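One chain follows as structure tokens, the form predicted alone.
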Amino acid sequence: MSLGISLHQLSKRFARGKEAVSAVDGISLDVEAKEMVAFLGPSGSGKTTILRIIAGFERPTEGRVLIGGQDVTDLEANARGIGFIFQNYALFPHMTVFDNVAYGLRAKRVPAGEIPRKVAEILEMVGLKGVEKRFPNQLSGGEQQRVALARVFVLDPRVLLMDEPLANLDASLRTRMLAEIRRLQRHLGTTCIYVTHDQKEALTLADRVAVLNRGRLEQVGTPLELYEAPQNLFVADFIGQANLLRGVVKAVSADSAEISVCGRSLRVRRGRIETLKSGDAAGIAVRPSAVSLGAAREAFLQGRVESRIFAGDRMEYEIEVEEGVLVRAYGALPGRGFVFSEGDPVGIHFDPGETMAFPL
């Protein structure tokens, strides 16, 4: 039976010389039973440390870990009923696929007569029927990853923790494995935490995403919530792509803020405008998809095309609006609209309904 996970004011400090470095700083989070939550953040954000604390490989400096309402903070890792999938798969090279998958069942003293059936069922589920007698070095990277999944899922763990398990796979195989992991997790109803620094993985897999930065929880929400309603400039920049500009607040009303950006006045209706007041410095975030290009003389901002990249279904532009200040925008493909060349003057409009402002 799947169980939920609760983290209560979790902190972890490591000694570095005479100083204590904070890797995790007061994290509280509830993961519901059968839910898939991704921990997303840059290197050094604390996501793997939190995962190791949940697994029992590390002890927190402060705070508690509960699984299914039971406090497991002081339990050893092997007493928590948790499955763990590592980045390097950790398969036994001298064992066949069958023996790798059966290893945990034998350790749990599952009756010998049941083991072949359980192994066969899980191998068929992950698409590896017929490879039972092969060794890991006879498998592709994707097949090895499927064996690692099968070895954990066959034990029906209460909780599954995954630490960047697809980092060693190429892009196309990673996409297929993401779908495989999501299908298995939903089919078996396992509570899962998935650590990644790749936003595409997090947004593809997760019911909710916890965005971490420097050991702190910046925001947790569904992928759509994080993209449409980021709570600060870090999340706006880390989820999706965003142009980030500095401005000064000129005036604030009930539903918008007027902000001076690059010497021009911009009306903003999204972000954390309720926290702004006249005279404040503000960070502006606008997605490239909310930037329109046109004639320079009629635009909110004027600039010059620094680079143009063909990106398959669109053109991507970088436009310098001030020295050292670039704005990224998307445009039509040749034959489907006007295409600018490098060096062309261009006008830029921001969609007020899609532009976000945050305190700095």
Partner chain sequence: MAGFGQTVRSERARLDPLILALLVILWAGLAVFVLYPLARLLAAVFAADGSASLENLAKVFRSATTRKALVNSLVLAGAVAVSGTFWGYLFAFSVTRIPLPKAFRWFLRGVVVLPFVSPPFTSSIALTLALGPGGLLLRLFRVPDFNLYGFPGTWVAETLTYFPIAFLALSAILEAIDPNLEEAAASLGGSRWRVFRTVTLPLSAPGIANAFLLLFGASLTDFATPLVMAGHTFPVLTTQAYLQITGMYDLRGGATISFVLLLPALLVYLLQQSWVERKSQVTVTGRVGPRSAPRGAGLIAGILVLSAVSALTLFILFLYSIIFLGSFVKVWGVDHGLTLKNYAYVFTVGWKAIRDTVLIAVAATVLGTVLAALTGSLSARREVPFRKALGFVSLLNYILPGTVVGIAYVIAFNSGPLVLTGTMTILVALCVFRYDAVGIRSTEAALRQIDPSLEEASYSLGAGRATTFFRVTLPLVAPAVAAGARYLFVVSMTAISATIFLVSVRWSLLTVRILECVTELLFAEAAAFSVVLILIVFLASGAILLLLRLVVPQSSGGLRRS
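What we label the rigid core is the largest C-alpha set whose atoms superpose within 1.5 Å from one form to the other. Positions refer to the first chain, counted from 1. Treat the numbers as computed from the prediction; the structure is a model and nothing was measured.
We do not show the form predicted together with the partner chain, though everything after this point is about it.
Although the partner is absent here, R106 is a contact residue: one of its heavy atoms lies within 4.5 angstroms of the partner chain in the model of the complex. Using a 4.5 angstroms threshold between heavy atoms, F84 counts as touching the partner chain in the model of the complex. Put simply, Y330 is far from the partner chain in the model of the complex: not one heavy atom of it is within 4.5 Å. The partner chain is not shown here, but in the model of the complex it comes within 4.5 Å of a heavy atom of A77.
Contact with the partner chain, judged by heavy atoms within 4.5 Å in the model of the complex, is confined among 85 to 93, 112 to 120, 275 to 283, 177 to 185 to 85 to 93.
N137 is the sole member of S265, N137, S172, S253 with a non-hydrogen atom within 4.5 Å of the partner chain in the model of the complex. Candidate site formed by K12, R52 and R151: every one of these residues places a non-hydrogen atom within 4.5 angstroms of the partner chain in the model of the complex. After superposition on the rigid core, the Cα of Y227 moves by less than 2 Å between the shown form and the other one. After superposing the rigid core, the Cα of T96 is displaced by 2 Å or more between the shown form and the other one.
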